[in-house]
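Next up: a single chain in structure tokens, the form predicted alone.
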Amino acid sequence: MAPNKKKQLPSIEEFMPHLAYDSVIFGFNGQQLKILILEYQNTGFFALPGGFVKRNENVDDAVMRGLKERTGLDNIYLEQFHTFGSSSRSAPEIMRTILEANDYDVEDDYWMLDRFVSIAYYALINFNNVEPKPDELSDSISWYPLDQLPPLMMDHQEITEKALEILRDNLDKKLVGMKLLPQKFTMKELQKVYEEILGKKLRRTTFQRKMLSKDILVRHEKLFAGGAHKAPYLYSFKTVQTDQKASSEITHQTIKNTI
């Protein structure tokens, strides 16, 4: 019987050397804010979804390609937030382990073993719209609550923490809730998004008063799920142009002051 033939490695002729991307994909299921984490096959390594940029490809397009492969979605709110380029950002032994665990034969001078600068993005998606799909190097890809993340390889924990910091700073001015909620939502659901991202409880009456005072929401019919006297109103965000004007008036301190 002929020996098994090793799989063909990605070629440096196709991809940009020394350049990678990593994505912090946030999802909200109505109760928790979670992050999408993959586990590399037969290694025990956990990582953010990432990848490499083809020579004929824009960086943003490469990131969108990777996100679509893992989530099935192609209309995702995506923002570049930081570049990670430490001189110590090199882990050839980790990459070799990942590749060899997937039956690749790796030479010592193979380009994927070298140092990489990573451009980091965060994405915001509706938790219920996604069935995560592992890539060819991964055993699994799953949603993890922020306080239950597994140990992440290399500097991926630092990348995650930086993404959460930026997400919190952008919470008001970018109205990220509109990407984590259905088109119509209750005030309670909106407050839950803020609480999960900020990592703290907010006073209901103060939060509602502050949000309504900003003129960024449209009130709709009530959501009748029980007694009529307890039915909450449904809301949606106003048009993009109205949101942009209103969001410029909102500061992060506004939400901090609701505590």
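All values reported here derive from a predicted model rather than from experimental measurement. Residue positions are given as counts along the sequence shown, with the first one as 1.
Same protein, other form: the form predicted together with a further copy of the same chain, not shown, and the subject of what follows.
*Find the only residue in I159, L181, I119, L99 having a heavy atom within 4.5 Å of a further copy of the same chain in the predicted bound form.*
For this set of options, the contacting one is I119.
*Can you pick the one in L190, V53, I216, I37 that has a heavy atom within 4.5 Å of a further copy of the same chain in the predicted bound form?*
In short, V53.
*With the partner left out of view, is E57 within 4.5 angstroms of a further copy of the same chain in the predicted bound form by any non-hydrogen atom?*
Because a heavy atom of E57 falls inside 4.5 Å of a further copy of the same chain in the predicted bound form, the answer is yes.
*Is the gap between R115 and a further copy of the same chain in the predicted bound form 4.5 Å or less for some heavy atom pair?*
Yes - in the predicted bound form, heavy atoms of R115 and a further copy of the same chain come within 4.5 Å of each other.
_Partner proximity in the predicted bound form: M16 to a further copy of the same chain, non-hydrogen atom cutoff 4.5 Å_ = Yes, M16 sits close enough to a further copy of the same chain in the predicted bound form that at least one of its heavy atoms falls within 4.5 Å.
*in the predicted bound form, does S140 have a heavy atom within 4.5 Å of a further copy of the same chain?*
Outside the cut-off, so no.
*a further copy of the same chain in the predicted bound form: contacting segment from 182-190, 83-91, 69-77, 99-107, heavy atom within 4.5 Å*: In short, 83-91.
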